[in-house]
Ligand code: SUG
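In structure tokens, the next block holds one chain alone, the form predicted alone.
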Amino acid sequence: MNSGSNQQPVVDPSREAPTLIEVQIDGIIGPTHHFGGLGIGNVASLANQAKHSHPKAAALEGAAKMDQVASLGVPQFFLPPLVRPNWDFLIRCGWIDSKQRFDRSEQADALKRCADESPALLSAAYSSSYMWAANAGTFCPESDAMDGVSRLVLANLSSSLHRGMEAVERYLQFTDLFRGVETVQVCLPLPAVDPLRDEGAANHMRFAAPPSSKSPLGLHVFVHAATSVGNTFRSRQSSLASRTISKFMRLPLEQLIFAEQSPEAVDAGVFHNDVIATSNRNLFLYHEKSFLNADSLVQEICIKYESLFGTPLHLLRIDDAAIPLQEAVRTYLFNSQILSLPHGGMHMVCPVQCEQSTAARELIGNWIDDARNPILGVSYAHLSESMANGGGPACLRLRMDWPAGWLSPSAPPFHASYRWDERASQKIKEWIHRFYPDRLATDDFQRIDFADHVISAVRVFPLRG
């Protein structure tokens, strides 16, 4: 595996393009899952701030969703939870003297002082936001890059107090996941400065040919928002970050589009593109108020798509009259997980809120009944705890298109410790039942015995690389 470098692309026209297989990588929901209200522009997170959370139920809901996906034959992987509270973060913020970092009485005192004087900072140190793996980074398969190298650019997550600390930790995890693979490059995040704020694949869509085509190419759409997008919420993805990531990935211009979010959507709680628009291969599902100058953008996407693949893109445009912005945000219809099935066709994993919404449920039913639509079926996931923090099925996973060789039986088992199968599901659920609290209040964060417990729990996670 190569780590981040800025070497110039070397195009090899004779290289054989690989067959790609869609892979899902979910973040295991951690034992400190709570409602800190720290998500900028995330209306669910803000509305539920300081309410009691239920970490055990949350983690089991996430595990059940992975079971659903794996049962459909889609390769499912996971990322272990990160250690929280993050003592290094509290040290860097001045709450603990680095010389006394292992002094238990110093730690206990720091937790109590921080809870009294800076509760948001303590909430950030305990955050389980790494569960939303869609923000971990942006991936480009080798077939799309001019130099034939797959790249994962880790997100710096610099716009949020509680998320920026994840970047280096995720770099270490993905470096381990891809160990021994020479054709993938795990790239360190962009510098954590405001003009380069990046929140990963939640603001990126990759279109590809329909399953009947053998073309491995992808059309990449990077979505950002203006620096000042509206009257209420600030943008979390910058144009400069998106353009810089596209350069990292060595993408040719004919496979690249940049789009801007609608200010109205951002102010309605669309803090990431995947709350209001999504894609899967030759399918584009979007709300009419997703983008600035939406009609011209969609036309550009359709023209580039057809020029690449010789077939039209399948559009599912949802008008505001059918699903108003507020209902789209409440149900997270557009954050449904659209899966490519191994034998063709697609399947949607939707939040149960979509099933409970008459308008959303009828729309989904019409898509499935339409023989021209690639969506063949739907299942509903109960993700009440994640949804209460503004994270639906697609937020919990990072989707990648891997060369088939990475998953072949003859390939080195570089990913064996991260594969979700029956054994992993059973062991991880047993671990969750043993260590996770049923109920959690933010007042628990100032207790050193609670900190000791959750740190010990993560350190004995049953499956390690």
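Quick note: we count residues from 1 along the sequence shown, nothing fancier. Predicted, not measured: the structure shown is a model, and the values here were computed from it.
If you look for the form predicted in complex with N~2~-(3-carboxypropanoyl)-L-arginine, you will not find it shown, but the lines that follow are about it.
A residue is said to contact a partner when one of its heavy atoms sits within 4.5 Å of a partner heavy atom; F78 fails this definition for N~2~-(3-carboxypropanoyl)-L-arginine in the predicted bound form, lying far away. Although the partner is absent from this view, G390 contacts N~2~-(3-carboxypropanoyl)-L-arginine in the predicted bound form, with a non-hydrogen atom inside 4.5 angstroms. At least one heavy atom of R236 is located within 4.5 Å of N~2~-(3-carboxypropanoyl)-L-arginine in the predicted bound form. At least one heavy atom of H34 is located within 4.5 Å of N~2~-(3-carboxypropanoyl)-L-arginine in the predicted bound form.
Shown alone, this chain has one stretch from 81 to 89, 171 to 179, 126 to 134, 259 to 267 that lies within 4.5 Å of N~2~-(3-carboxypropanoyl)-L-arginine in the predicted bound form by heavy atoms: 126 to 134.
Between the options H224, H287, R163, R197, the residue in contact with N~2~-(3-carboxypropanoyl)-L-arginine in the predicted bound form by a heavy atom within 4.5 angstroms is R163. Of the residues given (L383, V153, C395, V184), C395 alone sits with a heavy atom within 4.5 Å of N~2~-(3-carboxypropanoyl)-L-arginine in the predicted bound form. Residues F271, H272, D274, V275 are the members of 246 to 283 with a non-hydrogen atom no more than 4.5 angstroms from N~2~-(3-carboxypropanoyl)-L-arginine in the predicted bound form.
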